[in-house]
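The same protein chain appears twice below, in two forms, each given on its own as structure tokens and labelled structure 1 and structure 2.
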Structure 1
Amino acid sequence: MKKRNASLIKPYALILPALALAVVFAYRPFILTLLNSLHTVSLQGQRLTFVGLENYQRLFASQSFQASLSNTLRFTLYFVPTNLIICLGAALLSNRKGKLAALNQVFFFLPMAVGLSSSMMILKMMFNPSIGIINQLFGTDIQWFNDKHAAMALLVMAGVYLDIGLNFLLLHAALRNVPSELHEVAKIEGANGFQIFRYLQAPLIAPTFIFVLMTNIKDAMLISSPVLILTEGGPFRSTQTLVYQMYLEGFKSGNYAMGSAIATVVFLLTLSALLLLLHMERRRVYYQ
């Protein structure tokens, strides 16, 4: 009886440390943020008066929030398909047999070895309109930080650079797990490269692809560091995202209630997008 009780308690004891960390650093801050969004909050972080949805009403009526929401959705629309195409293409390229396959793998995996802040500072110097190597190399005069379209394109490139390492690693591993016997059978049947990818590889790597898609949507909705380092929301709020506005409201202006409201909106938008994607996944993705 004692052994049986010990075997029943052991799994819960093993997950207890992880559960405690999740409660302290994830669930508790989320609940406090939700409560702060429904109150007025002092500069010391104390909740003063319950105001219900008044903070959300002020938030949605704000032109700054509307611009941030539009910028975040536009960035997601540009970044997610661009990143998926590049990462999938890189994984397919490195999956081919050849002398340069290992070199391709190191090249695409390399961004994970460089810190985020360091990478963004290097990109900021490279894309400097006056002394940056990009304009000099291509003979252009693009104002990367002063033109709203160029600034958004720079953020998309920065996002792809930050995500390509892990996404490439996941997709490359998924492609490596496709049985080689199926490749040989498809080639014997006369299938070309595109047909092999469409009818053989794509269905088998679909679960990994969906996971990468979900992480890309999450990263796009929560983008903040590239905005903070590269553009600071400019020019004229054209690259100000929801998380960056949350940083401005909560940490720069001390408006903790409004910052908490923005954080809650970002959470709900991201959760809705991921739940919709999960619903579609259950119908169309095959798991072995």
Structure 2
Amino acid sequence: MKKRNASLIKPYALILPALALAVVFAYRPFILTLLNSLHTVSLQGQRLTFVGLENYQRLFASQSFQASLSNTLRFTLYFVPTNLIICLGAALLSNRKGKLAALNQVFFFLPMAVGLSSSMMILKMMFNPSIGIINQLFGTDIQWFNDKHAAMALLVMAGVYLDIGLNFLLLHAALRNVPSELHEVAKIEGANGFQIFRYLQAPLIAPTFIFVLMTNIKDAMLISSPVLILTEGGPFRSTQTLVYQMYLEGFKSGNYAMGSAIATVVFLLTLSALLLLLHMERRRVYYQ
């Protein structure tokens, strides 16, 4: 009897670490975030009084938040198409045989080996307006960190640089899985490059493409670390994003309630993107 009890408990004991982590570092903080966003919260993180949706009202009325929301959405709008075109272009152009093509491929995914903070520091120094190589090389005088359009453009380039390695690998792998016999047949039938892409490659890489698209949208909505390292939200909040403002409210101003309200908005935004992603994944798009 005792042994039977032990074997009944065993599976629960074995999943306990995972379960405990899920509760402590996912569900509990999620609920705390929702609760905090409905209360006033002390500097020590203690919930004081229930204020309903007041934090959200104040949030949506504040210029800082309006800037963050609009910057995050604009960044997503600029970044996602730019990144997809460049990554798909790189995958299509290097989908050849030969040593040079192999070298192109390695170069395209090499940025993956450089971690986020290293690559952002490299870009920060390369784009320095006075002694950075970029302005020197092109003989330009672009104020990358003091001009709001240039700063946003820089952030988009930084985003592409962070994602190109993995996205290239995924799209390139999908292209390589297009059966070469089909390719040959299409060529013999007289299909041109565009027709091969439109009627043969595009449908077959669509699941991978959709996966990359959805993760790009999610990543874009959550962007914060590149902002922190490159522009610190400037100039004049022109690159301040939602998660970056959340970080500022929570850690610089000690305003947990506002930070939590922003976090909730971020949840809602990303949840819609992620649910769509899971839906696609169930339709046999697959990646770890």
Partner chain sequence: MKKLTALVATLLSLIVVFPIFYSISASFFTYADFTSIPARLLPSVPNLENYQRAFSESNLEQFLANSLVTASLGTVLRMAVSILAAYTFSFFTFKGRDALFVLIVATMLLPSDALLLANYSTIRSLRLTDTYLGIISTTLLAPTHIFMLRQYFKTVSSEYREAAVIEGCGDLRFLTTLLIPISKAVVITLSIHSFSTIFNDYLWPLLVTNKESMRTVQVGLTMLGFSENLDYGPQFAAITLLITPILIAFVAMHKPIQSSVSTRFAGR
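Quick caveat, the model's predicted, so the values are computed rather than measured. Rigid core: the largest C-alpha set superposing within 1.5 Å between the two forms. Along the sequence of structure 1, residues get numbers from 1 upward.
Colleague: Between the first and the second structure, which is the form predicted together with the partner chain?
Modeller: Pick structure 2 here.
Colleague: I want to check residue 270: does it shift between the two structures by 2 Å or more at the Cα, with the core superposed?
Modeller: Yes, residue 270 moves 2 Å or more.
Colleague: How many Å does the Cα of residue 16 travel between the two structures when the structures are matched on their rigid core?
Modeller: Its C-alpha shift, to one decimal, is 6.3 Å.
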